[in-house]
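First, one chain by itself in C-alpha cells, the form predicted alone.
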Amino acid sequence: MRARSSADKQDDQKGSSRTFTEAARRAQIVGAAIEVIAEVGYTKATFTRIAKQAGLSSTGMISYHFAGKDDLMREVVAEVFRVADGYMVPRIEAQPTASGRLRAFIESNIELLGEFPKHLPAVVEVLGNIRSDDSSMREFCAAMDSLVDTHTHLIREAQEAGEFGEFDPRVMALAIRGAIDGVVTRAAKVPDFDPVACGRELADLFVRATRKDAGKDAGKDNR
C-alpha cells in the first residue's frame, strides 16, 4: 500500500527513543484497538473496551501511551499500512508483467483479510469516521488519494507499453480501489467469507477489463 503520512514518519522517529517495554505496550494497545474497532465500529471503540480487550486493569495505561483517541487511531492506521506493505509489496514486485502485478495487488489485498481479518475492516472504519479538523488524519486520507494517483500512473504506463487496452486509467484505479473496499466491508459481515476465492475472482475481472482485447471481447458478447 505504501501510504505513509508525515505523522507516520514522525512516529517512526519517536519509536527509536522508546524502551522495548514501552514499544511492546503500545503495540499491545494498538492490536487491541484494531480488534475492537473491527468488532464494534469506530464510534463504540471506547478506551474502556480497548483496555478490556488488551487485558489492562484501567484506561489510564492507554492515556499514558497515547494523547487521546485521535492519537491512538493514527497509530492504528499506521500499523495497518505497515502490515499491508509487508504482506503485499513482495508479492507485487515479484511479478514481471503489468497484468501480473495487477493480479498480485488485488489478490494480496483481499488475501490480507485471511491473514489479518481485523486490520482492513478497522482501517476502513477509522478513515470513514475521521474528524475534518484532525490535520494528521487528513494526511492519511491524502496519502490514500496519492496511492490512487500512483496506481493511475502505473496503469497509464502499462497502456503506453502496450500491455493494457484503452480506457481512462484513473477511473480504472478508482474502480479497483472501490471494489476492494467493498469486499472488505462485506467480508466483515460474512462469517464464511473465502478471501482466496474472492481475490481470484476479483483479479480475473480486472485483468480481463484492462487487457488490450477487452473491447473486442465485449463487442463479440454484444453480437
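A quick note: this is a predicted structure, and the numbers were derived from the prediction, not measured. The first residue of the sequence shown is number 1, and the count goes up from there.
FYI, the form predicted together with the DNA isn't displayed, but the following is about it.
Go through 194 to 202, 164 to 172, 46 to 54, 31 to 39 and give me the stretch that gets within 4.5 Å of the DNA in the predicted complex, heavy atoms only.
Stretch 46 to 54 is the one.
Contact residue in the predicted complex, chosen from 154, 61, 179, 188 - any heavy atom within 4.5 Å of the DNA:
Of 154, 61, 179, 188, the residue with a heavy atom within 4.5 Å of the DNA in the predicted complex is 61.
So in the predicted complex, does any heavy atom of residue 211 sit within 4.5 Å of the DNA?
Because no heavy atom of residue 211 falls inside 4.5 Å of the DNA in the predicted complex, the answer is no.
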